[in-house]
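We've got the same protein chain twice here, in two forms, each standing alone as structure tokens: structure 1 and structure 2.
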Structure 1
């Protein structure tokens, strides 16, 4: 039986509750979905971090920290990511379960009220957010952008998607550019907040032993006065490759990066995504994978070499760190492993090892309240919402033929090389 219970609190506002008595804490996670675009990526990203900084009732970080401290050290966090072609603003609050409060306080209700204060009652005056708060959060985001640039592994992956998805919104960075962040005004931020309340799709997930009904009622009341026109959750998937792209970028780095992107012709909510994911793990997802054993260990052509599958976009990409002299050899060796999979050269050991790795990883999400809330909230665009156990059964049922068929659909799209300069 699936433990998740779903109800609609308002148009485009879904409340999910998962009861689990193994934890002494509870978490309320809000995923706010808006369409990704160059015009709004930066302002929406900045909005997230300004909102979680403070609110009208607790107008600075000191007062907010005191309030969280009074709730047995509760925490409010925010982050921004991409899920398919949607920008996802995540705001979560977590704290002690009601059962363990010393004076029988209703902690879950207080946390729900505080979350609503953050989202629905921010520190604004005359249609503007506070300039000092904005400036501080701009600096934080620009530091994140610099950090991504300085981590060449992250930078190379971002460049692959920028090139591969140049004509798609998926190619836009989660927060836009530094210049766009710098240019955001307090009025624009206020307009983005109003747009979020009216047009965003909200997926709210409550996890823990506490009663979720009070939280649901508090959130429902917060939406009562808002006229909603929520966006649809959708992602465009490219099913063919018209031109292979090969881009080399030189930079003063110690280690070259080789990134290879494929279209898989398979994305959620298609059922073949399970076999496609398993295929990518067999190729380069574990220490028993083809890329690790054959390209890295036997041929010593790279420092690391692994494959990842983006199931919402139908993209598989391979990332590796190589010596400049080995770039071409590594490229040929990697593509040869892909061809072997298309030709059915997959051992039972490789299949079973990949299945076991996925199953162990999947069952492990239930070990923490953060993992459990993330597991269910990540399935918002999937065909069905599965428990970890149900997902494992689907993996176990995948056949060799389905894996080979998934490999045969792979289409080389883009090769990006970050080449160490002379």
Structure 2
């Protein structure tokens, strides 16, 4: 693998390229960042899915899909997520490396062009997107919202964030509400598209063995006529808890879900995020963690019990699935483990195994195209961009004292229980 090369193709349009001949595929990943807001969340989310559905050159789903299929099952994917207080529209295109084409097609250059067709040349007419396409993609997003409710684990964790961050931008769902999606008009979608081209921050990453210059050139040309005024990337971090929230919701399910949210008083770009992450992994990130060993293995209270840290927003959350009769004992057992962390009751074994686990998974990032492209695009809001090796060195250097300090800053914010019938 060669080191990452970075260049700016236009104001706020960053092109990263990694030449790597180990893979049988190539990928061009575009991360488009816009500020999250109540007013724009739904229109931007819908825009993403309408853009990847089809374009002027391949004006319906079947034509688009057949073009990709004939390029040996190449794929265009769109997805929308939150990164801190930014909404991230992800559009990626990927397919086989040229040398595996049975009929010698130049797959990578066709795909670079197709990506630009999708972003810059959508099926618009008279300042509007196609009504039928919009209707279909609205239906898909509404089904996605509904299907989040189908999965009770996903639902419970979404509820935690809704309750915990009710007064923050971060509490907005990635696509807004069903009502907002329903209400989007084709004109609004068109202005959202123009706004995106003009104001969004673009982070484009190319991974593959062919020369990235061709792709960079095509993208650069596409931005030529656009007058750019890119937004800043920023996130509000909450450093105190005004009032602990405790919410119980009853539902006719078999297993209760327990979700506990903490403020960590530490977020990017502060350097202590490395220690805070390590602290969360010691607590509940592996099969040798405190939660797995003590709450699952020793007390047999649950099948899963884990902790996750969101370093952009400064939140750590713990989740578990338990018998209704055991909700209180599980809560007690989990909070006791958190207290132990704060009091420095952490063994060397726990620290070292967590460090090893993080290092092992981090070094593996460079072995998949998705891992590699995601690694760099996930650091756009960080103080510095690290290679996987640099990130490992930082983890290794964390001391016991720093871990305990990170734990001491934890503030319980919200407990959400999805309560099953007894």
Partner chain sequence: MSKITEVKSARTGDMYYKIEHDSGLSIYLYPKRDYNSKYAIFGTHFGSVNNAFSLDGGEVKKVPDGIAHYLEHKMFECEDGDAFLKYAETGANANAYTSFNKTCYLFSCTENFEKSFDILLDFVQRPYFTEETVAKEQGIIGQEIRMYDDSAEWVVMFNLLKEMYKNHPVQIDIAGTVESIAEITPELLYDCYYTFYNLNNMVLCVSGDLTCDDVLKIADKKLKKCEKHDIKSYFEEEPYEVCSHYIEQSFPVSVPLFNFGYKEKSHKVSQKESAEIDIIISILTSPSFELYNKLDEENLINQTFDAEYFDGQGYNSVIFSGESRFPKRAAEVIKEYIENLKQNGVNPEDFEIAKREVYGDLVSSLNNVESIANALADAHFNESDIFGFIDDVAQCSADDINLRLKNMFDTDNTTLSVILPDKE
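Owing to the predicted nature of the structure, the values given are computational and were not obtained by experimental measurement. If you superpose the two forms and keep the largest set of C-alpha atoms that fall within 1.5 Å, you have the rigid core. Residue numbers count along the first chain shown, from 1.
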Lone-chain pair; form predicted in complex with the partner chain identified as structure 2
Relative to the superposed rigid core, does residue 378 relocate between structures 1 and 2 - that is, does its Cα move 2 Å or more? no
After a rigid core superposition, would you say the CA of residue 73 moves by 2 angstroms or more between structures 1 and 2, or not? yes
